[in-house]
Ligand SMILES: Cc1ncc(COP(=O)(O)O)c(C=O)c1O
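To begin, one chain is listed below as structure tokens, in the form predicted alone.
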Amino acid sequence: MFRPAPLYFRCGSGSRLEDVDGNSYIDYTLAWGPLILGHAHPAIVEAIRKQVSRGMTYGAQHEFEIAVAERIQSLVPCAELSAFTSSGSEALQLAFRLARAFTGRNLILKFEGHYHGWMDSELISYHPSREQVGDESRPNVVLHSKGQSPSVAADLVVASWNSVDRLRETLERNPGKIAGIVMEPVLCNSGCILPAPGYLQAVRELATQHGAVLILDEVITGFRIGLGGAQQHFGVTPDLATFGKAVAGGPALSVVAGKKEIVGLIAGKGVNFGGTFNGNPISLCAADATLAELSHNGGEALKRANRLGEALRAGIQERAQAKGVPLIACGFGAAFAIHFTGRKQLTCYRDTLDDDGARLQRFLEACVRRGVYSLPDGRFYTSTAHTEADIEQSLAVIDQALEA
């Protein structure tokens, strides 16, 4: 992947980053997603300033845990109870443990191309090569990292995403064994691929039918696609959901939210969960401020961020089409990705194996040299700090980059 070097940043404000040489960039990376309100938002800065003067952490409960849990409960359909930790990887690890404890089963069913963290038990079949994937009806369980314990492969089952028939077949091959079904509701980590109409509803039905816990990994979609996450946007309520990135607007925080009879297992009912930095007041005061800003005026700021992102996504698609460049920009307004591909539609991870990665890297380099900074996999995130002027300037740069 293209990684512009050297790019050393010294400050950020609103939708912009400035490097050590004084060059300014319109930032669509948002630190890989957390900065939903942009850089150095005054409400977050002030909340953290006040909290620091009261203490960095207590090693005990505090008022912001209650305030943030109540805010999440008011916004997210599945959130009867919430638990806080620091990273998305930890949140998914807890969700897997809760699913296994609740069902008394062991296997977790996940999908090709979906990312649920870097830990051994999560980093399975994330970006397997064409040679590794195996038959689509029975995908191989592929480890992603050197040093990863091979024993974890026995605890996961892999399926192809966006196919109800493939999922049904996988569940029927493992009767009474699947503890949880986990997925990104929008496949953001492999090209921002949207679920097929009715697919999430069908997964919900199959999970219920087979007694499996449905886990939506909303680390990216949460508080980005809408205030209630993808589950509200698509009208599907999971048993558990994980959140991260945007929930605190920058500081490290992740959340497991869900049914009280499942999440409540950590409350002295046999499921161990701990961490010195879990729910620390610095992160939670930032989350309180972030969720308050996002919720203001019926969530208008977030809706605007999605409208601007959609204008950017559609503008890129239109410019590529006008120039005869084979490109798809797929996803939703505040999170989309660019694919240089001859395909007309992307439905699952395997479709992305046809992408022209070298062409994408040349395009990203042309953009960043002209002051538009996006993620090295072609992802663009928009924030509430982006403006119409940012979008217009970015499209002018992208037009030049497509020529280049």
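The first residue of the sequence shown is number 1, and the count goes up from there. Just so you know, these numbers come straight off a predicted model, no measurement behind them.
Beyond the structure shown, there is the form predicted together with the named molecule, which is absent from this document and is the topic of what follows.
Candidate site formed by S87, E184 and I220: every one of these residues places a non-hydrogen atom within 4.5 angstroms of the named molecule in the predicted bound form. Heavy atoms within 4.5 Å of the named molecule in the predicted bound form are found in one stretch of 103-111, 270-278, 212-220, 314-322, which is 212-220.
Only one of Y199, F332, F96, Y115 comes within 4.5 Å of the named molecule in the predicted bound form through a heavy atom, and that residue is Y115. Taking V255, L92, C192, L240 one by one, only a single residue has any non-hydrogen atom within 4.5 Å of the named molecule in the predicted bound form, and it is L92.
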